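Form predicted on its own, single chain, as structure tokens, below.
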């Protein structure tokens, strides 16, 4: 079997039967990383030296992977794709990286991202834009752009990212792969550069639901260095993947998924909803009930502005240490105030500076009640509504987006009323810390589209179980760029 199409089980068997060595797999991954780098730009740093020193051998021992460049890696350049950190080499390891290193997983490279993980386009990386490998005139999405591209291309079978609003799940949809965000705190965030601490999740890309479960099994568990981390639930997510789903109930949001809710739906939206309806039929065929529910449109329309308000406020605080004084790319000045001003002015892109201005504004005493606290109220209202629905339903299923990946220039960091709910509902998973997974569901115009399943907190095993069963009704498991199982 061709390396690029091999899933974790395939790779494990090949290593264990001496059909191939771990070092050979690394060399193949390294060759592919260099081959695609100039056209797609999935990596900030490509690792050229093989290293596998397992302390706790498991299924990931010897398996290649990639890591988003906002996870601290001792002795390895870690830039968060920002000029202000373009020369930063940490002295400590993120817990995720340490766990993978101890497991003997082999790091192939550090993935490109939207600067400081703020953005959803993959166009604000300090090393250049990340292109969608299915069609290089289109975005792959962000912020975990490089990870999505590297898994979609078959460079690695899985990649670790971070998800604050949809930063893994949306690029996964645009890349035709799986993107899984576990329950908030399920995986330690120690060593992950903070964007918005109440929303940040460690998440991952893979080419099958089973691979997502395998990686999560290895990474989950409490970490004394992260006070928000959860105790290991003791569940084997792989063992429960094939549990019977007959009688399970899912819902979708009527206001986003019914074409009647739109005045002049585009052909793209019509095709997306048609694809979604086919998935619903597949669900019913395996015994899953799917029903529509109605949620107050005023709350749904407030999701995106509330997310921007909260995330910008938290980002402004979390990144106040990027001054050029302690570390980072310092720009000289006559005083320490000049150094900080020059470093931050020259070190951040316009998008980042705009978000910091928004964050500072909403945190001003006179604005907190009207802006920041109202955004928090919207968050609470939607989370309470979801908890209410989860008393009746096992999860929510929705199209992952309103269509295929946009072309460059079609999307920016501004608020648009077009398909506002459908494009931004994934943030619900971050607002409530809910486990949420995106899986491929087909093609439109030779570009992948996907559906998303979100469940109640602590129900990671059930979300993976349902997603695995739905994945089994389709033909997209394990696909890489070029596969056209339409």
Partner chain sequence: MYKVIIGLEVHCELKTNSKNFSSAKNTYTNMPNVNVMPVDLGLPGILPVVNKEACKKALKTAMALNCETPDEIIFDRKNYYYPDLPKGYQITQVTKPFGRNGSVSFLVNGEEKTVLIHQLHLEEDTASLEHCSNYSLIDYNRSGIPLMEIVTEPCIYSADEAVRFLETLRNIFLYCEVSEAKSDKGQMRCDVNISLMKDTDTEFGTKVEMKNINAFTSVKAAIEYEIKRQSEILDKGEKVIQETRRIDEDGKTYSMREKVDAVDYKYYIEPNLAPVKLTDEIKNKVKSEIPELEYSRIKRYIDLGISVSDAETIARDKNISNYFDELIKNTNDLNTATNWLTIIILGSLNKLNISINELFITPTMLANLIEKVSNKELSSQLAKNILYEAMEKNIDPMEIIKKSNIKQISNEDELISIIKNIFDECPEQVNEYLNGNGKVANFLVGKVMQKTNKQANPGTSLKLIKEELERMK
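Residue numbers count along the first chain shown, from 1. From a predicted model like this one, the values you see are computed outputs, not experimental measurements.
Form predicted in complex with the partner chain: not shown, discussed below.
Look at 280-288, 253-261, 156-164, 325-333: in the model of the complex, residues with non-hydrogen atoms within 4.5 angstroms of the partner chain sit in 325-333. Between the partner chain and the residues 217, 198, 275, 135, the one pair within 4.5 Å by heavy atoms in the model of the complex involves 198.
This chain is drawn without the partner chain; in the model of the complex, the residue among 368, 222, 127, 301 with a heavy atom within 4.5 Å of it is 368. Heavy atoms of no residue among 30, 443 and 479 are located within 4.5 Å of the partner chain in the model of the complex.
Taking the partner from elsewhere, residue 318 is found to have a heavy atom lying within 4.5 Å of the partner chain in the model of the complex.
Although the partner is absent here, residue 226 lies within 4.5 Å of the partner chain in the model of the complex, judged by heavy atoms. For the chain shown alone, residue 364 is a contact residue for the partner chain in the model of the complex, at least one non-hydrogen atom being within 4.5 angstroms. Proximity of residue 189 to the partner chain in the model of the complex falls within the 4.5 Å heavy atom cutoff. Heavy atoms closer than or equal to 4.5 Å to the partner chain in the model of the complex belong, across 256-283, to no residue whatsoever.
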